[in-house]
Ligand code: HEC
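Presented as structure tokens, the chain that follows is alone, the form predicted on its own.
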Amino acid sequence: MTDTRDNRESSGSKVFVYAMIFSLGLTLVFTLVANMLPQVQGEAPSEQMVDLGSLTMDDFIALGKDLFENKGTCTLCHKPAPLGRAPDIEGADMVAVSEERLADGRYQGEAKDAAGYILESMVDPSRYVVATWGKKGTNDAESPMPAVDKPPIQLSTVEIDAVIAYLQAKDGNEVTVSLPSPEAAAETAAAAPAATGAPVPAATADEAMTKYVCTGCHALDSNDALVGPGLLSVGARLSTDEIRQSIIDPNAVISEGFPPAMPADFADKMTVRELEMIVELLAGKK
């Protein structure tokens, strides 16, 4: 009897230990899956807040760098090869590059200097499209880049000047843009949402697609391949979960014949709302 009781107690202890191990393992799995998803349920994360009324030039340049990397979404496309989907801006002296493009016979814009060219490239990017970087089928006459002064990016004049200052200063060039006047600073501050100063999130799936420059690599109205596969009938090829995974973990499954060029940090940049709007839009393309 004693041996039987001891065996039962030993078996019960083993079952308890196994149950604890299983529970801990399950918790770890759920934690890993949860961490793959964007953690922001509502608005986009608040941005760096700067007192525009007391800016120094160093502050202004730092603001431009922050805008370039975050609100402006520039680094989504402007990366070194082979991951870049647009010219590598941070790796180039943009003042020297701008002067070269102004002298190019293909240039038909109105800029007279490097600062003017950088401004024009941001607000009217199709004025001069760098060879091989235009939309497919346009013979480099149309740029896939959205105008940064319009929704959904919508940088203010002060913010655009800050980005220009950063692009001039990062390679040791003279900064030719001026610090904002108190009036311009006040207007920029007044235009920001009162709660956080964060940008208004994308209101529609199309705006979210534009915000993250999806059409720079994917055709939405055809299955033609650009940098990535065409998305006209993606909903017939992939399930909703597969589409979601392809956005938040793009290297998990890479379409045959395509480079691993899609940014892997969308889960950190998108809100859940933006992600689900895009997933719903693409899942309906059948």
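Keep in mind the model is a prediction, meaning the values are calculated, not measured. So that the term is clear: the rigid core is the largest set of C-alpha atoms that superpose within 1.5 Å between two forms. When you see a residue number, it is the position in the sequence shown, counting from 1.
In what follows, reference is made to the form predicted in complex with the ligand, a form of this protein that is not presented.
Worksheet item: Just one of 62, 55, 219, 261 has a heavy atom within 4.5 angstroms of the ligand in the predicted complex, so which one?
Response: Only one listed residue qualifies here, and that residue is 261.
Worksheet item: 179, 89, 111, 184: which sits within 4.5 Å of the ligand in the predicted complex by any heavy atom?
Response: After the contact test, the surviving option is 89.
Worksheet item: Is residue 97 close enough to touch the ligand in the predicted complex, meaning at least one heavy atom pair within 4.5 Å?
Response: Residue 97: contacts the ligand in the predicted complex.
Practice prompt. Answer yes if any heavy atom of residue 133 is within 4.5 Å of a heavy atom of the ligand in the predicted complex; otherwise answer no.
Written response: Yes, residue 133 lies within 4.5 Å of the ligand in the predicted complex.
Worksheet item: Can any non-hydrogen atom of residue 170 be found within 4.5 angstroms of the ligand in the predicted complex?
Response: Looking in the predicted complex, residue contacts with the ligand do not include residue 170, since no heavy atom lies within 4.5 Å.
Worksheet item: Taking the shortest heavy atom distance, is residue 213 within 4.5 Å of the ligand in the predicted complex?
Response: Contact with the ligand, yes.
Worksheet item: Even though the chain is shown alone, can you say which residues of 61 to 96 have a heavy atom within 4.5 Å of the ligand in the predicted complex?
Response: The stretch 61 to 96, when checked against the ligand in the predicted complex, contributes 68, 72, 73, 74, 76, 77, 78, 85, 86, 87, 89, 94 at the 4.5 Å heavy-atom cut-off.
Worksheet entry | Is_shifted residue 215 between this form and the one not shown (CA, 2 Å cut-off, rigid core) | After core superposition, the displacement of the residue 215 C-alpha between this form and the one not shown reaches the 2 Å mark, so yes.
Discussion item. When the rigid core is used for the superposition, does residue 231 move between this form and the one not shown (threshold: C-alpha shift of 2 Å or more)?
Written reply: Shift at residue 231: 2 Å or more after core fit.
Fill in: Rigid-core frame, C-alpha of residue 261, shift of 2 angstroms or more between this form and the one not shown
The answer is yes, as the C-alpha of residue 261 shifts between this form and the one not shown by 2 Å or more after core alignment.
Item to complete: Would you mind telling me if residue 142 and residue 255 are closer or farther apart in the predicted complex than in the shown form, C-alpha to C-alpha, with a 3 Å or larger change?
Response: So the answer is closer.
Discussion item. Between the shown chain and the other structure, the Cα gap of residue 212 to residue 94 differs by 3 Å or more. Is it closer or farther in the predicted complex?
Written reply: It is farther: in the predicted complex, the C-alpha atoms of residue 212 and residue 94 lie at least 3 Å more apart than they do here.
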